[in-house]
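Quick heads-up: it's one chain on its own, the form predicted on its own, in structure tokens.
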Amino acid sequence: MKNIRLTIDKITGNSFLVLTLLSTVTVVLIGVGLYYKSLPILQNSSLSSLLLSAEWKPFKSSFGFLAYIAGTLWVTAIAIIIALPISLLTAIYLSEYAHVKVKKVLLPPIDLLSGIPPVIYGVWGVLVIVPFVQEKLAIHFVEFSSGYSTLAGGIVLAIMIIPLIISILLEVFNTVPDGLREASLSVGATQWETIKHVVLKKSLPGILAAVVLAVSRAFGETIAVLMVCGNISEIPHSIFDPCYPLPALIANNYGEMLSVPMYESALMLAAFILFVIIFLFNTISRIILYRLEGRMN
């Protein structure tokens, strides 16, 4: 009987190992597949000219990705700048201050926001955010803006990732032992001082992990952003200028004009660039996370 249990345990462990390796291999295969599909345009043009040029003229075989990369970074940065403070303060309130009855009222709507399809956010952005940017904000800073802008894309994206960040932060704050809170309060610290010096300090790696996941989600979001960002292939010089993120480029154009030489390869290169950006960002963030955990331990 003991041998049977040990055999089952070994089989289970090996099965989990296979599944883990399969997940890793899948990521590698995706990267290799995108790179292989990108080879024709990489062989036709230098990587530096593709990345540093903003000229996108497919019929002239001119494919410059700088405007799309800039649009992606602009929208993602705006979304994180808006979403992180709101999410952090909301999570602190729900975790440390809110009564149980208040949590029961507020948590279901937050969870509901996570399940709303992106296209709904896009429609809401067109009906609410775009007119708000055009009529209420842009008139104070620029001569004209259609409202379809980098800022509109960032706001819609921020609303989309706020529930994700709040959910993760609540789980992170719940892992902080109550004994640490009680010890801080017992030596005369106020509740806010306890949150600032104990809860937030202990939760720093988890907060960083939440930001990493949110940024990864923001980088890849497509439908909602392309509906409000303007989709003009130019480098945005202000948040009221339109932009054209990489995911929107792929979603809008794949399947069309593939008869144009190098066009499909260019779109696959756009997907590969997005893949590399997310991979590098997650790798760097993991390194920072491990160092923070090492210092705190």
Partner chain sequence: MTTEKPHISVKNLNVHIDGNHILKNISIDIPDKKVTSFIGPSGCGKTTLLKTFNRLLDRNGNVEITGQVLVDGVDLYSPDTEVTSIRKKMGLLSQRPFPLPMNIYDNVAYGARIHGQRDKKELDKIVEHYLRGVSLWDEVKDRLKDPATRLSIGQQQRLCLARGLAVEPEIILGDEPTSALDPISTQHIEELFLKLKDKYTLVLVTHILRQARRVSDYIVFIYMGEIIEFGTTEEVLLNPKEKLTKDYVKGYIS
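Positions refer to the first chain, counted from 1. Because the structure is a prediction, the values reported are computed rather than measured.
The next section is about a form of this same protein that is not shown, the form predicted together with the partner chain.
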4.5 Å heavy atom contact, S184 and the partner chain in the model of the complex: yes
Contact label in the model of the complex: D178 to the partner chain, heavy atom within 4.5 Å: yes
Interface membership of F141, the partner chain in the model of the complex, 4.5 Å heavy atom rule: no
Touches the partner chain in the model of the complex: S216 (any heavy atom, 4.5 Å): no
One stretch from 201-209, 118-126, 68-76, 155-163 that, in the model of the complex, holds residues within 4.5 Å of the partner chain by heavy atom: 201-209
Option touching the partner chain, based on a heavy atom within 4.5 Å in the model of the complex, out of T190, N174, S146, S114: T190
Contact residue in the model of the complex, chosen from I110, I168, L137, A98 - any heavy atom within 4.5 Å of the partner chain: A98
